[in-house]
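Only one chain is included here, represented as structure tokens and corresponding to the form predicted on its own.
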Amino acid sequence: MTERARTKAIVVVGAQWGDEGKGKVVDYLASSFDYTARYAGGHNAGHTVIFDGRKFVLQLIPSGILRADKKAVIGAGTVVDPAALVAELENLKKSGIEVRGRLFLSNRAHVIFPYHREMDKAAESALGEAKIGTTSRGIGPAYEDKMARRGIRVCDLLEPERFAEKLARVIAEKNAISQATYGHPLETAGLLEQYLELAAHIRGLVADTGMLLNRALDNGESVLFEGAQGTMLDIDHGTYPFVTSSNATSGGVATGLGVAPTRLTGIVGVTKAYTTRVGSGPFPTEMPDLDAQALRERGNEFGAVTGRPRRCGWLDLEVLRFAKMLSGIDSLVVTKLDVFDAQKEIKICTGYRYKGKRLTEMPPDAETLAEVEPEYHTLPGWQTPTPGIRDVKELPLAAREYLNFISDQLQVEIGMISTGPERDATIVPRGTKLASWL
């Protein structure tokens, strides 16, 4: 076997609608890797990590940066708000986290501007009841500009004359669109000067990150890849149009970081012990209000970035099967198992029916998915505290049976179990693929 084939290159993907706890999982795994690399999304993602009594909420910077001897990459597939990135860097600095020489930003990543946020808010408002439920941080409009080939990239920011030229051209176009669509021009005064100043702050981070990562792999260094959001929010395969604007599946690694699929050696999927989603869109296993409220409070199900309450529902194995297929998940991480500690009975969706007929594939349209009837299997709860347990054999029998049911139904190992938000509230069963990657 060649050295290239032996190099660890593991992807962590969200297997639901995001908010699965990827931040904690990546932080935990990062101690065993040289690099952590983010391949998609923007600063709408909120990755929460708790250790040594301190809480960190990272939005764009990979959570692996919290490990003092590790390196982190923000790839070309992301969209970057320089002001938000500088603020995140400042917060890390205040917390004693030094990133110089450890954090690298792709010179090919696209840049978010204030006009993207303005147009995001205006477009969402114009949709009324049909709104998507975006964070209004300009993520979607920035990706729109990227695909329309009028985006401005990080490499442009570093060339003042070129940047001034491109910005003037884009502003003229955006103003015309805003005036025609929303009846007012955009606020763009001082934008050039503001972004040139921001460019000076991030210049030292900029690199050809595709080359950087491929050289690292060639040299036998290990890389942990992370996306943002989750499978069901993927722009191509999710519950369109209630999705994000990038690829959240493992395929995003190749497009967003420039690392070939043949270099990947394993895929980790992350799911909660139940299901949540934020914003609008179909949610087959959503709980009634009172049940959802109780689960939300126990699980602190509020957005790490926006503070929005998350919609809560039972675990959906149809969603997880779909995620396993799309990303090739080898090992499944189950987070927030402890949130079910007080539950008397636990339902699991094992399939869908539509108009009386059992479905054999995930509906492509949101309208059909909104009308499916979940088929449930009910298991007893364990009604015993699980925080503090570090060995899977010490979990209550009913908790182990719940996990075994998930594993058997999906035909995938449970490689990690999280029983609390802290870094060390984690169980990694011996003999699993995931344990071998640590």
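Because the structure is a prediction, the values reported are computed rather than measured. Just count from 1 along the sequence shown to find any residue number.
From this point on, the text means the form predicted in complex with a small molecule, which you will not see here.
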| query | finding |
| --- | --- |
| Candidate from His110, Lys71, Arg321, Lys336 lying within 4.5 Å of the small molecule in the predicted bound form - any heavy atom | Lys336 |
| Per-stretch contact check against the small molecule in the predicted bound form, the hit in 27-35, 399-407, 47-55, 367-375 (non-hydrogen atom, 4.5 angstroms) | 47-55 |
| Distance check, Gly23 to the small molecule in the predicted bound form, heavy atom within 4.5 Å | yes |
| In the predicted bound form, Arg310 touching the small molecule (heavy atom, 4.5 Å) | yes |
